[in-house]
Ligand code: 5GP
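Next up is one chain by itself, shown in structure tokens, the form predicted alone.
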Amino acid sequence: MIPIEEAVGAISAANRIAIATHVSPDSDALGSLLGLGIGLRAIGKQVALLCDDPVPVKLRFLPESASVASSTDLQPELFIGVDASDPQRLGACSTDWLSSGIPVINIDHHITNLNFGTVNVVDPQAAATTEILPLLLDGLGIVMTQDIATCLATGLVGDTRSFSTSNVTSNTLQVAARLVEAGIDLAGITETTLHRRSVPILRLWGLGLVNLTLDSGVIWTAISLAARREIGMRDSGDIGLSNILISAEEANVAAVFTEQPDNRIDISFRARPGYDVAGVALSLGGGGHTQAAGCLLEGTLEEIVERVVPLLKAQAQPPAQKE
């Protein structure tokens, strides 16, 4: 059982709360951050919403997304990390609060979570972190408003690719039904989150597809910072390109290497059912799920590709060949 009552008690005892999510935030990260933040503000808490990276353009429709910042003057009594499997993934905006001695609540659904909190509300059976949050909101007596439900539904839709991933359960669908009852526009959220893309994103995909490599069951591509800037790409991640690569019939494992500022490479991993990329991500300081994971490494594109691809090739072998 996940310790919902402990988390409720810690939140109830605090007036000033900082909530942070991981770098290069996706829909589940921001849906969790904003859904919980809106709920806590509704019961009178002072809340800072933190993330190292800006809200991606396509997710700025989320209620109160403009209030997400990379720093705060609030002196929190409680820190909450959402959708992050380890403290490093929460970035620089969280470092001071994680080391300050205040209580830490860790809310997540990744199987690679390191249980770094004072209270760890971690459920690897959940398809998204936003699937866990209704239990916490209910415990706090927070009404499921349309704004909160919109944030949570966006996380569910994004992390399950509109309820099509293998980790979707009856509970996932029950949570989704409750969010629909709260008045969300599920079709609109799905369209915006999964199916609408800017021209720079399409150009980024074009660059990645032109330069892809397939070898030993692994398909990958690398995108430089200069190339992203040339096409006007402002978002920091691969923006779904890894999901396209893993659709290749010849591939068991996929990776997108995206160069970031300051000599860092963001890597997004995907795997077909029956294959595992979570272990590779964890060994590199990242985390995620069996079929979807990621990490952030220091080095040049060439160095990181040369280092990581052999690890992926080992995972891309058919199961019988690994024995």
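On a predicted model such as this, the values are computed, not experimentally measured, just so you know. Residues carry their position along the shown sequence, with the first being 1.
Not pictured, yet referred to below: the form predicted in complex with guanosine-5'-monophosphate (5GP).
Chemist: So which of 289 to 297, 60 to 68, 33 to 41, 46 to 54 is the stretch with heavy atoms within 4.5 Å of guanosine-5'-monophosphate (5GP) in the predicted bound form?
Modeler: Partner-contacting stretch among the options: 289 to 297.
Chemist: Would you classify Asp86 as touching guanosine-5'-monophosphate (5GP) in the predicted bound form, given a 4.5 Å non-hydrogen atom cut-off?
Modeler: Yes, Asp86 sits close enough to guanosine-5'-monophosphate (5GP) in the predicted bound form that at least one of its heavy atoms falls within 4.5 Å.
Chemist: Would Thr258 sit within 4.5 Å of guanosine-5'-monophosphate (5GP) in the predicted bound form, counting heavy atoms only?
Modeler: Flag for Thr258 set to no.
Chemist: Heavy atom within 4.5 Å of guanosine-5'-monophosphate (5GP) in the predicted bound form: which residues of 90 to 113 meet that condition, in order?
Modeler: The stretch 90 to 113, when checked against guanosine-5'-monophosphate (5GP) in the predicted bound form, contributes only His110 at the 4.5 Å heavy-atom cut-off.
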